[in-house]
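Take a look at this one chain, the form predicted alone, written out in structure tokens.
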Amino acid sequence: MTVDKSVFSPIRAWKYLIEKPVTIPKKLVFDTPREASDNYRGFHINDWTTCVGCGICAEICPTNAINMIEIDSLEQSTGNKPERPAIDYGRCSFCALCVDICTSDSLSMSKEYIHLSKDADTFYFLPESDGIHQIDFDKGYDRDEVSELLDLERYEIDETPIEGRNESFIEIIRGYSKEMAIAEASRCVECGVCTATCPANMNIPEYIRSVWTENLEEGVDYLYKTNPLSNVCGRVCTHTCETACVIGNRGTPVAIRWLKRYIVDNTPKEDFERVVLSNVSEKINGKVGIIGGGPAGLSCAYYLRTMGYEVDIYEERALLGGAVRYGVPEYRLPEESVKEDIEMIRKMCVNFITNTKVGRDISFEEIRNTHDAIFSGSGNWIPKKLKVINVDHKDIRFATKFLEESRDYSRDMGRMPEFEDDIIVIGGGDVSFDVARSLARLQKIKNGKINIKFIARKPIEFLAADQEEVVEGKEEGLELRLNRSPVEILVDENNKVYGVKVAKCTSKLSENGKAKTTCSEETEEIYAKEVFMSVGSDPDFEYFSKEMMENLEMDKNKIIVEENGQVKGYPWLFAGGDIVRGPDIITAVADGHKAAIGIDEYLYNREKI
């Protein structure tokens, strides 16, 4: 049916030209705020105390209404960027996808929906927890189980069964299957917060994406731009990147370390070599000597060769690798994985000079006279001792020597170390658990049973060791005696060690967020036939002259260096790794990389002069 309109209909509308429009005064709007209905999505609310600035809300926004703004008052920290989302309400469609995907639960939408202004710029807003007009409105929309967009639970990696695991040194972690690796890679939101936290600033989102796209050659290329020991770090990296992973705010962090391992384990060897060796430059007129074939020295050598320098590495032991070759147990880091990383560096034509201790077999001055620059990454090999009674007893054993013997045994290069059937291990960090768990395996292999007491002055939640080490150690039969601090090594009338006297301790978090431990006068005696001590180690600087040692700037037995690794007062000398920043593989790799860049700059500027 059609309705005929009057010819006067348009004329009737003319009256609105002179009639005053109905408006709501701005003052009335804000004096008596009106909430929207329950199913209405109003303006955004963002709790800055929980927001981590990951920017995923901006990435997902279908109308490009969200921009990340750097905030001067905020600082970069682990897992947190100094940025917050700003929303353009001229673009926003109020779809709430930004709320559904928020990694930190900071973003929601209120019931506030009215904003009156003649200034278009006021519709571009940086939301905080008090809303657009600092009025306390109820939430209008929040994510629920149905609208959840993130996969919060980690896909567990295949491991050796607990039963019988402590009967050999076979690697515990078996790795991801292709399907599981792709599924785990799909959890990454590519925010890059992890990259900022990684000491080597690895291209983490990029190499994880290569798993998702099944382009592992590209993944290898991304890995080796920043880490030439990716095979090693894919197994024993301290993975601080995972502590920063934004998925961990509401779920389990992405398994960044295991995805790195998946790439190196599943890229065909010929493709792997082609990608890595393509980075090598033709040799140029420059020669660098490196003291120590550990992670820092190997990393420095790798990057110097990519620049074309001739490189000599002087290593005291028969095999290169330092702590990863002589410290980390085989069940965590198989020999083959270490060999593959080191062999790749050898194929780059780095000259390995092994069984050569600088200061004994060759002088530091000779290396200085035959090289244009020197990098020192000699590591920490002198065991520290606790200040306890009888600590210098001849039968006290230390981590560095034992782990070296144990590692040689597990790779068929030495006999089984000697040990008793009732042992105390003193420590608290990863290395002390490496000692205790290696001893457990040796006891199981030799005696068929385990009798190891692990003493630490802090409770489980405050131990320096990775929680994986603690859990797996308990599974493998370690008896944890925590909250106890050694005060005396017990020695009988025949000068035989028979245990440790300990003080009982309590720990709590201090104002700076660190665990503060206090010990009482109450003591107890813990008995055993043998005591192993693993409380850290110090560097060996014997290769430096007395004059150099007096001139080097030191802080707690560590060399102070410039940002590029250059040693103050000695422009031709660079240093990194344990002797600069302490024992951490990925940090040592980063130090070697920075020093290589620093050496290149030094030699280039020297030539210009």
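From 1 onward, residues are counted along the sequence shown. It should be emphasised that the depicted structure is a prediction, and the values quoted were computed from it without experimental measurement.
One more form of this protein, predicted in complex with a small molecule, exists but is not displayed; see below.
Contact with the small molecule, judged by heavy atoms within 4.5 Å in the predicted complex, is confined among 265-273, 512-520, 494-502, 288-296 to 288-296. Residue contact with the small molecule in the predicted complex: Ala596 places no heavy atom within 4.5 Å of it. By the criterion of a heavy atom within 4.5 Å, Ile426 is excluded from the residues contacting the small molecule in the predicted complex. At a distance threshold of 4.5 angstroms between non-hydrogen atoms, Ser378 is in contact with the small molecule in the predicted complex. The small molecule is not drawn, but in the predicted complex it has a heavy atom within 4.5 Å of Glu316. Proximity to the small molecule in the predicted complex, taken as a non-hydrogen atom within 4.5 angstroms, holds for one residue of Ile452, Val531, Val236, Ala456, which is Val236. With the partner removed from view, the residue among Val211, Ala301, Ala373, Val324 that has a non-hydrogen atom within 4.5 Å of the small molecule in the predicted complex turns out to be Val324.
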